[in-house]
Ligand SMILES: NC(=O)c1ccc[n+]([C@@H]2O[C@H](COP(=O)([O-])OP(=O)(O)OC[C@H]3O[C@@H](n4cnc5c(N)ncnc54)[C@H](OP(=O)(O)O)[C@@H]3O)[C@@H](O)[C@H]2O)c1
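Shown here is one chain on its own, the form predicted alone, set out as C-alpha cells.
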Amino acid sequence: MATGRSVMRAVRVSEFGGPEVLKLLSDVLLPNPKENQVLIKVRACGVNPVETYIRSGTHERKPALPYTPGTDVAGVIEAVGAHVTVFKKGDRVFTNGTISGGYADYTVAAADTVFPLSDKLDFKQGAAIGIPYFTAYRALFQKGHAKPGETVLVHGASGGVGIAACQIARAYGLKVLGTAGTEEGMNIVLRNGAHKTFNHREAGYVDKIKEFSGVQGIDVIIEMLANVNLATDLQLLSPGGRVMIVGSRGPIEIYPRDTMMKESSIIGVSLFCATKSMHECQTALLAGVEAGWLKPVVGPEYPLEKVAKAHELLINSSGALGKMVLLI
C-alpha cells in the first residue's frame, strides 16, 4: 500500500441508534482501491442530515453493519487503481460518493464520482459541495424545471442545501427568497444570493411572504422540512407552482384540493435516484466554481473525535449557519 500503513482511524456504526453508536476506532483496515477507484487521504468530510437518519435506522436505506458514514469528502489522492488515468497521487479532489465511508483517515471512491478541487476553494469548502450543491441543482432544474425570471422560495436557506440553492438560483436569474431561524442566519442567506429573507420563527412570517410575492405567488419552493411546512407551501404557490421536497422528518396532513386549484405539484428529490443525470450537475457546478459564484459556506467544524456531538447538534441546533464539516 502506497501509504506505508495497513490500518487507520475510522468511525464505525455497529448498530442503529442515537449519536452514541458512532464509535471512533483506530485499527480499521485501510481500504484498497480497485481498478477504477481512487484512495483519498481525507482532509475534511461534510456532515449531512441524511447521515443522521441512516445512522438512527429510520431511513429507507440501511447499509450492512458495521459501516462508516460519510459521502462528501475533500482531500488528496493517495493512490489510484490500475485503470485510472485522470488522477494521480497528490491531486486535490472532492467527491460526493465515497464507497468505504468518509468519516475516516482514508476513503475509497469510484473515479467517475471524484472531481478536481479548485485552488479557489479550501478542503473544508470542498467537503461542503457534494450532496448540498448536487441536491440543490437537481431540485431546481432537473426536477423543478425552474426558469430565469421565476420566483423561488428556499426554506431553511442558511443550511448547506439552502445556501447552495440560493447561490445557484441567483446565478441562473431567478428571484430568490429565503427563510432562516436567526438574524445571523438571515444575514448569511442575504450574502449568498437571496433578494429577501424571512424569519420562519417569527409569527406571521408566511403572511409577509404572501405580501411580498403578490398575487402571482411562488413558482418553486425548496422544502427542507416538509412535515412542518408542506400544507402552508401549497398556499404560497403560483399557478403551476412546484414544491420540491428535499427533507422531511415525519408525516403531515394536507388538503389535496389545494393542489387542484392551481394545478400545483409536490415532487420528491433524492440524489440516490440521480445516477444517470449527475454529469449535468457536475458540469454546471464546476463551471460555477470557476466563475466564482459557487462558494460553499462552512459552518460548525468538529474533529473526528467529536462526531457524536456533531450529529446531535446537526438535528437539535437552533438554526443552521452553513455546512457542518468534520476535520480529519
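In this text, residue numbers run from 1 along the sequence as written. Since this is a predicted model, take the numbers as computed values, not measurements.
Omitted from view is the form predicted together with the ligand, to which the following refers.
Each of 161, 200 and 223 places at least one heavy atom within 4.5 Å of the ligand in the model of the complex. Comparing 153 to 161, 212 to 220, 88 to 96, 110 to 118 against the ligand in the model of the complex, the single stretch with non-hydrogen atoms within 4.5 angstroms of it is 153 to 161. Mapping the unseen interface onto this chain, residue 79 falls outside it, with no heavy atom inside 4.5 Å of the ligand in the model of the complex.
Of the heavy atoms in residue 192, none are within 4.5 Å of the ligand in the model of the complex. The ligand in the model of the complex comes within 4.5 Å of no heavy atom belonging to residue 56. Contact annotation for residue 271: at least one heavy atom lies within 4.5 Å of the ligand in the model of the complex.
Distance criterion of 4.5 Å from any heavy atom to the ligand in the model of the complex singles out 131 from the list 84, 131, 206, 234. Applying a 4.5 Å heavy atom cutoff to the ligand in the model of the complex picks out 314, 317 from 302 to 317, in order along the sequence.
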